[in-house]
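Next comes just one chain, in structure tokens: the form predicted alone.
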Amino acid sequence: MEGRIIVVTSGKGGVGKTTATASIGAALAMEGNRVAVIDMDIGLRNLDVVLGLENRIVFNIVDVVNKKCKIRQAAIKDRRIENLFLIPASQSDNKDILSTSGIKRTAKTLKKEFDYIIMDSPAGIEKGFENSVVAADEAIVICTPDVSSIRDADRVIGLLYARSITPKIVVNRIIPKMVAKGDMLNHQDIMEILSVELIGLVPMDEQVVISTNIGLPLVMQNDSKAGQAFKRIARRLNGEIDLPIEIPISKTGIWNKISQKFGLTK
């Protein structure tokens, strides 16, 4: 059975796309799958830093596509998570160095060697995006609960449909207190606008910064709410389609509702 190529993309930068790629890839590997996460942001790689593997890079995805090395030479095995591999981006090339035919050829080989290939697409809808989606089977669009992010996500969703790729949505960096007060869009509002399948809601979590700084996959931190959310997303991708989506809720909001019900607050 061939592996699945899933591109993780967004309409704009800064929405947590690379963290999502690393977290979903790590979680899928922790479920027993053989997983490759690939940084497609040629010239501006970051996935290696998020995974703490920046000091072990020898070859990169450009070398693989251009036949300068084999996949196994470029794939860096994570020593903490069995079956998780990183193929980094090149920092010294530009996005035009990759050809569509080369990416498609490489994708066929990757699908024979891995159960999941998670591609971290650069933000935007130009050449880097084209390189990332040309061989993709599926797509995950990351957005945050703000109008500009949702508008850009809608644009990317349209481009994916035009390429016969059915997207799924992850809403990232949700702040429950702001949602409860009406200062941030809730997920129902977002899904009404985007009209695609929702596979996860991820709360804002300070552990994300800590995880990136120490190079530890977020899903390995048991006290991370975002990490737990990404684990559930990975389980849905891995076939647990009936797993309910957990909605981030403010504890303060819950207490206020209980208090009001029993007349404990005005």
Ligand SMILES: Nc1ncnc2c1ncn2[C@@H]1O[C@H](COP(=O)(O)OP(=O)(O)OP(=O)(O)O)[C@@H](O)[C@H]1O
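Numbers for residues come from their place in the sequence shown, where the first is 1. These numbers come from a predicted model, not from an experiment.
The protein also exists as the form predicted in complex with the ligand; that form is not presented, and the subsequent description refers to it.
Only one segment in the set 108-116, 166-174, 186-194, 73-81 has any non-hydrogen atom within 4.5 angstroms of the ligand in the model of the complex, and it is 166-174.
Contact check for V179: every heavy atom lies farther than 4.5 Å from the ligand in the model of the complex. Remark: G52 does not count among the residues lining the ligand in the model of the complex, judged by a heavy atom distance of 4.5 Å or less. Heavy atoms of G16 reach within 4.5 Å of the ligand in the model of the complex, making it an interface residue. Contact annotation for Q221: none of its heavy atoms lies within 4.5 Å of the ligand in the model of the complex. Taking a 4.5 Å heavy atom cutoff to the ligand in the model of the complex, the contact residue among M40, A226, V62, A36 is A226. For the options A123, I150, L160, V134, the residue carrying a heavy atom within 4.5 angstroms of the ligand in the model of the complex is A123. Remark: all three candidate residues (M204, V208 and T212) come within 4.5 Å of the ligand in the model of the complex, counting heavy atoms only.
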